[in-house]
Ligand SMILES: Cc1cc2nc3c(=O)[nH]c(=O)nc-3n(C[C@H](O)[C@H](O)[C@H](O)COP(=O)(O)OP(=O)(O)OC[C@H]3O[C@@H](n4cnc5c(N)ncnc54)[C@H](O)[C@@H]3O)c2cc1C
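Next up: just one chain, as structure tokens, the form predicted on its own.
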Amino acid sequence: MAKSDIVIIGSGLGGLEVALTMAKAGRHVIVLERQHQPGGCMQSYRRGRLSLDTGLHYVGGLEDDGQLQDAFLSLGLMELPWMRMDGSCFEEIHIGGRVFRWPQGIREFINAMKEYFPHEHKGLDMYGDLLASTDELWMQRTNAWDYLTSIISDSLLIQVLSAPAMCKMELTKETLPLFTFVHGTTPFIQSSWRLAGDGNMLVNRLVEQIRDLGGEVLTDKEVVLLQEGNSGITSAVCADGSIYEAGLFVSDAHPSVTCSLVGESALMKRIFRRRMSTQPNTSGIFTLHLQLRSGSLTYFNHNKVVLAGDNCWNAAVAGDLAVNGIMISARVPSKGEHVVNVDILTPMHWEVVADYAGSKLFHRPKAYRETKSEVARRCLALAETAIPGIGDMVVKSWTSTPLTYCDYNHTPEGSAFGFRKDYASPMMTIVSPRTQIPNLMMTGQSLMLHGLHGVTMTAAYTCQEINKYIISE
């Protein structure tokens, strides 16, 4: 039986950031990860000589005074080889045969959009003010789609402004809060960066620092039970029989998974458990990883976002397998100017793969493999409209679906962004890290915001609540 100050369940980005922050504060931390490799959605996996990313493609807000720079400096992540994307065009939007280029910087971005849409100057000025807004409470209670359509009348412009968010959040007209939309958009416009390497560089940097400070990051440690005493959780029990005691526990797992680990509880009320377990989840992501023929494609220092029609809202892949839009991201070459591998992403609903849940990894049914192949074919066909001839450049390809996320990351319904945020339910737009069990906290993207930026903000939020708990004790 091992004892520590804080046990953290899950080694996703949020769990590792909380662990490092608390280790820097002098606490002994133990991180328990169910998989063989830490990192969650940030980790990379190898296929032959290639390292393929699962969740990290680019990040925003690392410029001087940027929204993420201070956090990354304190976490030792600014030392990684970040490369700024093209200042004049970090996003290239393809809609209906037209191309719209996004420059970095809010003012530069708004001015560029005015060149494309000169009749929308007033609405774009309002949108620029929105991106720079710090008055956020009203945004939490405002529907993103309704607000955009209230200030902008040109439907094409709305799609241009929305398209890059397609693979950063679930673009649902009915529920998406303006708060979520703005925070998932603004940092990238301020500045966008790629890592000259794979996501494991970020994960390994966090893990190394935790261990240097005396903490532990243990893999193949699946927590199956959080044992409860009279006043809180006393220990985490793993599938291999090992037990870890601590004064405080932090779960980086999905909130519904966290509740299931507690089992019967005298402290956690049923209404809280039901709310955490029944909240709708966002859609997942289908990813097509491509290995390209050597020297066949010159590196492009921007993303290409391609819509099949004229709408990226409510447009995730569903039962008809239609691919409505994709994001194309190129890995920074380790040498030379040619791309070695490219990722193509598109949102996908759980219903597409739900029938295959429970099947074993690497032994999926033929129908599942055929579904993946068809979606991959459609993604590649759409990519051809932005990169003619890319299909002939492909040497090998690999795919992942929401089912992959479900199995590897223990994410309900393979959700890529955690809980579905709803402007009409403010209580669920920002979920407290505290549970009803005093010494059990949560972190991760279901609580506040999605993605690397959102998870980092949420980790800081969790650490604030941890410090309040420690002081009160």
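For clarity, every value in this text was computed on a predicted model and none was experimentally measured. Each residue number is its position in the shown sequence, starting from 1.
A second form of this protein, the form predicted together with the named molecule, is not displayed here; the remarks below concern that form.
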Contact label in the predicted complex: T287 to the named molecule, heavy atom within 4.5 Å = yes
Worksheet entry | Touches the named molecule in the predicted complex: R420 (any heavy atom, 4.5 Å) | no
Contact between V257 and the named molecule in the predicted complex at 4.5 Å, heavy atoms? yes
Practice problem: Consider T435 of the chain shown here, and say whether it contacts the named molecule in the predicted complex, taking contact as heavy atoms within 4.5 Å. | Solution: no
Identify whether the named molecule in the predicted complex is within 4.5 Å of every residue in the set G15, M42 and E222, based on non-hydrogen atoms. yes
Within 4.5 Å of the named molecule in the predicted complex by heavy atoms, the stretch out of 22-30, 44-52, 424-432, 442-450 is 442-450
Looking in the predicted complex, the residues of 409-423 with a heavy atom no more than 4.5 Å from the named molecule, listed in order, are N409, H410, T411, A416, F417
